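Below sits a lone chain in structure tokens, taken as the form predicted alone.
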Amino acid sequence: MGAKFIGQFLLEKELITREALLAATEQQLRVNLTLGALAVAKGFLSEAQADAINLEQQRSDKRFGEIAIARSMLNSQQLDELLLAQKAQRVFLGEILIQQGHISREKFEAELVLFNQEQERSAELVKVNLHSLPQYGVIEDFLDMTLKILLRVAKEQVKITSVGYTALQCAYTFAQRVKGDQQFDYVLALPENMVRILCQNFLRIDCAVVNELALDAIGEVVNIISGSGCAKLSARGKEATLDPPRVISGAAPANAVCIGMSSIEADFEVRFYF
């Protein structure tokens, strides 16, 4: 399996340096503002109002604008203006790398073609393997919420990279039991640096070490994902309730479905223990 993000792809081919990738990524974060930040900058919302919407978004499968309009904090015209502004100012990583002189436009465009071809092959393989799983419907709901929640509450763009039955070795494993018409554990297995990064982004604090606060934060992230997944099951008429999330240890059971995931920072795994 090749690189999952264009920056990693260029780094692995030694076309850019790690320092160049870091600088470009930091610049991208500074330029690509969230809707909340844009709304505050334009005077549509106060920082307290934006924070309140972000907090609700962390605990629901709803978009920022959807929540803001439902709370009468924004009107549809203001939301349209924010979305247009966000789109107009959005800059992609490749453009920043070119602007900063780390790679020529011609070379980047040629490599982007190769990267996209590789990603299409990988995505098709993942799709075929997911659809072959007997519990595909349930797994699809929970994977969909995993991708959405990690992006919304932890600011982590994540891709599905593999489907199988061999568990990845990870330092920390968090599980939550889903009960009802179908019983299983939703499991998030993370390396140490991913625990710290998710905690830092979720709580908006520095997280230099994995401590009790960090473990509690990841437990809450798991709870949000599982709760949203159960809501999707309930909407289809299936009974689904949750036990509290917990940190577990030991090897994964033989029947565990292991979904490989990747962010820019680390590889990790979502598992389903049926």
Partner chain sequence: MSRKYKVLVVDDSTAMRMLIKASLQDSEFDVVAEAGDGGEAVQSFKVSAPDLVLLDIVMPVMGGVEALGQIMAQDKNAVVIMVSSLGTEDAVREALKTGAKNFLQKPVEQESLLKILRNTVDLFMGR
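Residue numbers count along the first chain shown, from 1. Keep in mind the model is a prediction, meaning the values are calculated, not measured.
Same protein, other form: the form predicted together with the partner chain, not shown, and the subject of what follows.
Highlighted residues Gly101, Ile103 and Val113: none comes within 4.5 Å of the partner chain in the predicted complex, counting any heavy atom. Checking 87-95, 147-155, 116-124, 133-141 against the partner chain in the predicted complex, the stretch whose residues place heavy atoms within 4.5 Å of it is 147-155. Proximity to the partner chain in the predicted complex, defined as a heavy atom within 4.5 Å, holds among Val209, Leu213, Leu29, Ala41 only for Leu213. Proximity of Glu47 to the partner chain in the predicted complex: non-hydrogen atoms within 4.5 Å are absent; the residue sits far from the partner. Residue contact with the partner chain in the predicted complex: Ser234 places a heavy atom within 4.5 Å of it. Contact check for Lys62: a non-hydrogen atom falls within 4.5 Å of the partner chain in the predicted complex.
Using a 4.5 angstroms limit between non-hydrogen atoms, Leu203 touches the partner chain in the predicted complex.
Contact residues in stretch 224-238 (any heavy atom within 4.5 Å of the partner chain, taken in the predicted complex) are Ile224, Gly227, Ser228, Cys230, Ala231, Ser234, Ala235.
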